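Take a look at this single chain in structure tokens; it is the form predicted on its own.
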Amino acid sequence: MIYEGTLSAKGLKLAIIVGRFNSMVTESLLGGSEDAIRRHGGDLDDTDIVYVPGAYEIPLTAQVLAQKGTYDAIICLGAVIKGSTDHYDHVASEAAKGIASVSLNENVPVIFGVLTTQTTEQALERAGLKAGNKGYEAAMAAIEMASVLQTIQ
């Protein structure tokens, strides 16, 4: 048997977590996610948006949302831009590990839409300027994963 998801957001209850740090980037990612949901039949009234200080705070928020049992998928959006200290490495690593852990432990698709870039310019490019919008792509992954898991179950 082959299981595949569809790209229809119709009827899905989604959550989007947005880190406020580097908001010029993360607000563009959020716009991309909302665009994807609308374009694929989803209702933004069925999408909850939660703002947190930054990428480091996303995993705990995702876990609390996942444990509510009301979301078909959770989209995590943030931007970690390398500076002159090691802080970047720690925040990026912990955000990635935490988001993956929540998804596995709670059996809910928790999508990693956190940009980890060397420069602000690279982040802006990935948030819709030149290299597509990774927020849009994260929402598409959430829609497909919610669908495929519903098909399997």
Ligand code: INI
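Just so it is clear, the structure is predicted and the values come from calculations on it, not from any experiment. Throughout, we count residues from 1 along the sequence that is shown.
Same protein, other form: the form predicted together with this ligand, not shown, and the subject of what follows.
Looking at this ligand in the predicted bound form, residues 53, 56 and 91 each place a heavy atom within 4.5 Å of it. When you look in the predicted bound form, the only residue of 97, 68, 39, 87 with a non-hydrogen atom within 4.5 Å of this ligand is 87. This ligand in the predicted bound form is not approached by residue 133, whose heavy atoms all lie more than 4.5 angstroms from it.
Residue contact check for residue 80: one or more of its heavy atoms lie within 4.5 Å of this ligand in the predicted bound form.
Remark: of stretches 7-15, 20-28, 125-133, 138-146, the one touching this ligand in the predicted bound form is 20-28 (heavy atom within 4.5 Å).
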